[in-house]
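Take a look at this one chain, the form predicted on its own, written out in structure tokens.
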């Protein structure tokens, strides 16, 4: 390992521009003649649009154009789609309601766009938007997924009778029922996974520019996968031909899943640019983000876990109702199905599993992937029920888990997944040691002497990352392949450009991808450039989500590096008059093994392009491309232990210790991995204790600002203790598993298990706010 190669704690290259305010975000982009947009949004959760009067708005100062949904429809712009087909258990396809980029006849959630105003300034556009008069006929609304499926609930889409999108199942129902019927003990729980708003640092933004002279469109957007945005907007939404559309995602300030999708605003800004003849930029304010960004989670689940007389798990039965909001977002259908139910074996050997999932339309913002996407929901179900079972059985939560761990690999679960490698006991042992698990009761007693209630909770999570292979996900309904592309260009002077289809929006790719090149060729990372996020520079890619950048994106780079290395060695062997098999590359030089004959990297590169003396038949130049399609998912896993103190007078919870022991396979940069874990835990703690998206019964979002929606702050978080015990992944050339989502997956159940242990009441929902905890305490004392 070199000082900058794999495993080195290299400081992030990209941070210089970020911390000095020199990042380039969509809101920083300026195009000659650019104007500003504001959207007219529905104040109602459910209503018919009777008329839209734009006459007064068009006369306002600075206004260039006011456009409505009927106009975008008349121009042939298509409806937004869900790109993952799910079939109900009776074989019928999911019921996808029509979603126009701007509503034409009905609105289905507060904030849905009905018109766009383009004006000289942002202020003028907003003023004119308020002058647009929309007459609505308000309709009854339903915000709760369970209520939406009940007879007589308000109907959202004619395509979905009873608001049911699909009724899907996985596993063996008869076997699970038999296991429960014959069990020595059955633990039953009803769990709610609370709705969250992603709240990335940078709100969504779009700048659409139609160049009439070239008949060409450019869209700058806050996207995690610009190539998919281009494909969808051209092939499905009819915005522009693919060869006439460039999508650029520059610096993006956080995504967390919410920027995977193609939203109405990107489509409308491009279309509006052509209609008005000017570049059109829209930047969301924070309340728009609360109202219109895809929300996350929102499951209601009933679970039963069966045990035999020896406390071994024999069966699991899960019934989930998931809220998908007013429309189906791009990947929404996959989250409560193949990204959720397939992980319900957890780290445990469970012979029989069955899960039934029903999804419903409601008059709320669409719900889609949010950091972890289905895996946090599955882990919450599993780890809450296992902890509860340990309490009911009167055994150690740690030892109940250990007894039921999968210990032999590969392991085929009853719900599709084939785990390839792992050592769950190693993570459990590491976490227990770091947390001084054995000494907890003494700490509980000490806290009691101070009038505080102390609790400890555990969570052993597993997730599936690097979603793959393409043929497999295609058979499950995915509309795209999930490979990744890379191109490695060695320039004439020996510097290197890596073009990747992955996208970085905070993960540190410009550093870690350069470390991979340094490890291979010894070229300093300052001489390695990472190019991404521009469909005119990188031909095709699948973007970044699902912790796929390392396992899939870097594996594609490895394949391209293999090809570059092979050609470089041929050139060096020719120039050094040596056998190609004897050429090695070390510290920026190509050497003949066992001799002092060397060729600097830059001289080899120069020879490749000068082409004065190349092997016979070799083409000049040195650049190679590759696609990588994984053979399997990767399976990061770990154990988290949370220790809390609760003030019984106020219900205030303080996390006094949080330990994370993860298995991410091989690690490129430990410092960046630790940062990813810290960030994920912060989001998980936020879900467990603070964050909760709430609508009133009329469908008004009552948590539409930071005054009402509580984000975790530094004072809410302890100093995390993190470690890794790594089992290399056998399914990719680097042995990487992925680390980006783990913290958000494993932490919520650990926190809630700790709080319920402290207060002696297992009936506690997220977020466990002081009021919620205080009420649960009072309920516990009454019983």
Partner chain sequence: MSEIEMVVNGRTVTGNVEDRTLLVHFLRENLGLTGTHVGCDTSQCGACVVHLDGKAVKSCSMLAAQASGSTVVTIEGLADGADLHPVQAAFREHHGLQCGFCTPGMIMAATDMIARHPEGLDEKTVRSELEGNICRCTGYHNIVKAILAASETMSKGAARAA
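Residue numbers count along the first chain shown, from 1. Computed from a predicted model, the values in this text were never measured in an experiment.
Only in words, not in the display: the form predicted in complex with its partner chain, which the text now covers.
Enquirer: Taking its partner chain as it sits in the model of the complex, is residue 720 in contact with it (heavy atom to heavy atom, 4.5 Å or less)?
Expert: Judged by the heavy-atom cut-off of 4.5 Å, residue 720 is in contact with its partner chain in the model of the complex.
Enquirer: Flag residue 671 as yes or no: does it have a non-hydrogen atom within 4.5 angstroms of any non-hydrogen atom of its partner chain in the model of the complex?
Expert: Because a heavy atom of residue 671 falls inside 4.5 Å of its partner chain in the model of the complex, the answer is yes.
Enquirer: Does any part of residue 624 reach within 4.5 Å of its partner chain in the model of the complex? Heavy atoms only, please.
Expert: Taking the distances in the model of the complex, the answer for residue 624 is no, it never comes within 4.5 Å of its partner chain.
Enquirer: Quick check on residue 175: any heavy atom within 4.5 Å of its partner chain in the model of the complex?
Expert: Residue 175: no, not in contact with its partner chain in the model of the complex.
Enquirer: Please name which of the stretches 132-140, 438-446, 387-395, 502-510 has residues with heavy atoms lying within 4.5 Å of its partner chain in the model of the complex.
Expert: Every other range fails; the passing one is 502-510.
Enquirer: Work out which of 199, 657, 413, 314 lies within 4.5 Å of its partner chain in the model of the complex, going by heavy atoms.
Expert: Checking each option against its partner chain in the model of the complex, the one that comes within 4.5 Å is 199.
Enquirer: Just one of 277, 254, 474, 522 has a heavy atom within 4.5 angstroms of its partner chain in the model of the complex, so which one?
Expert: By the 4.5 Å criterion, the partner-contacting residue is 254.
Enquirer: Could you list which residues of 52-89 come within 4.5 Å of its partner chain in the model of the complex, counting heavy atoms only?
Expert: Read in sequence order, no residue approaches its partner chain (within 4.5 Å, in the model of the complex).
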